[in-house]
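Next up: a single chain in structure tokens, the form predicted on its own.
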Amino acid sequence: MPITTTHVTLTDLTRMLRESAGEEEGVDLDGDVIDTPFIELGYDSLALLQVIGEIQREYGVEIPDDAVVDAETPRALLDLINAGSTSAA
């Protein structure tokens, strides 16, 4: 049986951010936000923890809460999620 890994993309992440915590007025999540700090995008640590909970349920990836707090940009969070996805498989 082949091992499959789930790769969460920026599109997946921005969709979940919108679904979990909405979108800050004046912020375009469809723009070049990969290296923009979450705080500048209008998301605090509570919003990120909500998104991580959704990712854990949807993709079966375990991410420690304390690691999420250190991920300050979408790129850092995606790296963390996708590293967890690889180790979970």
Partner chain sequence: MTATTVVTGIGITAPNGLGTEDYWKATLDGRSGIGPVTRFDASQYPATLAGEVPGFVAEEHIPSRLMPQTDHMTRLAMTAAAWAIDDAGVDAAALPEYGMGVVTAASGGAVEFGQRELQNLWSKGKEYVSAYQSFAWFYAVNTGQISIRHKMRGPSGVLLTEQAGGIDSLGHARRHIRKGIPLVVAGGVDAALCPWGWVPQLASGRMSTAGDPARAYLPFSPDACGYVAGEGGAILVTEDAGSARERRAPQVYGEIAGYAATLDPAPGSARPPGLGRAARNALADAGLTPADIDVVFADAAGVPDLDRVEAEAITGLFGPRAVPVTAPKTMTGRLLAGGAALDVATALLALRDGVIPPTVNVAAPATDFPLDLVTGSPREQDLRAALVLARGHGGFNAALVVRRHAATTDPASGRND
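All values reported here derive from a predicted model rather than from experimental measurement. Positions refer to the first chain, counted from 1.
There is another form of this protein, the form predicted in complex with its partner chain, and it is not shown here; the text below is about that form.
With respect to its partner chain in the predicted bound form, the three residues Glu19, Ala47 and Gln50 uniformly fall within 4.5 angstroms at the level of their nearest heavy atom. By the criterion of a heavy atom within 4.5 Å, Asp79 is excluded from the residues contacting its partner chain in the predicted bound form. When its partner chain is considered in the predicted bound form, Asp70 lies well away from it, no heavy atom lying within 4.5 Å.
In the predicted bound form, its partner chain sits within 4.5 Å of a heavy atom belonging to Glu25. Annotation for 27-44: interface residues with its partner chain in the predicted bound form are Gly42, Tyr43, Asp44 [heavy atom within 4.5 Å].
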